[in-house]
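For reference, the chain that follows is the form predicted alone, supplied as C-alpha cells.
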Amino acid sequence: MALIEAKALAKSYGDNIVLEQVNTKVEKGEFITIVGTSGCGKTTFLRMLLGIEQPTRGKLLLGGNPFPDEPSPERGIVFQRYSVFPHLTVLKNVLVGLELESSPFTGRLFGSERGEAIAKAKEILNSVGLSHALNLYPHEMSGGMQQRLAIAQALIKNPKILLLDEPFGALDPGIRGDMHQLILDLWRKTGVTIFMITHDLQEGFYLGTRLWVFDKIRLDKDNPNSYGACITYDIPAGNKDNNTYHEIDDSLDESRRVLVG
C-alpha cells in the first residue's frame, strides 16, 4: 500500500478552482519536488498534506486512511522564511517541540526526561551542522544557519513526512548548494518522505526522485480561476534529459503568458 494517495483530489475557494483531478501515489521514502506557475496550487497541496486545508472533493489518503484534518507530529514543515522563535536560543528552539509534546500545559520538562530531550536536541543540531551554535539567538545567525535550525525543528519529532515550501529560495546560490547537500544527507539518513516546492526547475531535477509539475490543462485567459491545476508531469529521477527540461520550461512559460495576459 502506498504511503500517500490522492484520488480525484480537488480544492476550490468559492468560484476559484485551485486544484482538480489530482491523482497520484507516493511510496515511503520518496523525495518529491514540485514546480509550477504562481497560484497553481502547489502550496495549497502542501497545506492539505499538513492538515490545515481539507479537500473540496476527492480523497487524500495516508496509509489508506483519510489524512488527519489538523497538523500532527508525523508531519514536519519548513517554510521559505525562517520559522524560528527569535527570543529563544538555538538549543531551546529545538527543545521546545519536545517540551510541548510531552507537557503541553506547562511546556517544561524536568529531571531525566529533560536530560534525554536535551541530548536528542543536540543530536539533531549536530546532524544539521549547528553543534557549535547552541547558545546563539537567531538574529546572531546567517540565513543559512537559520534555515538549518528550521530543519532541525521539523525533524526533532521524527516525522514520517517532511514538507518544504521553497526552503532555499531566500538563500544565496553558494549557501543553497550547501543546503542541497544537507537535505540529501538527512533524507538518506532518516528515510523520511519529502515533498518540496521550488521555483527552480534545475533544483527540482537535482534533488527529487520524482519531479511533479502542477499546471492547468485547460486555460481561460478571460477567467483564469475557472479551471484548476493538476499534475501534468510526473518525472522519475533518471529522466533528466535536456529535451524534458525544455519541454517543461516551455509549458510553464506558456501558462504564465496566458495567465498574465
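One rule holds for the numbers: they count along the sequence shown, beginning at 1. The model shown is predicted, which means the values in this text are computed figures rather than measured ones.
The next section is about a form of this same protein that is not shown, the form predicted in complex with a small molecule.
Picking from 66-74, 204-212, 22-30, 40-48 the stretch near the small molecule in the predicted complex, with a 4.5 Å limit on heavy atoms, gives 40-48. Within 4.5 Å of any heavy atom of the small molecule in the predicted complex lies no heavy atom of D200. The small molecule is not shown here, but in the predicted complex it comes within 4.5 Å of a heavy atom of E53. Using a 4.5 angstroms limit between non-hydrogen atoms, I248 is distant from the small molecule in the predicted complex.
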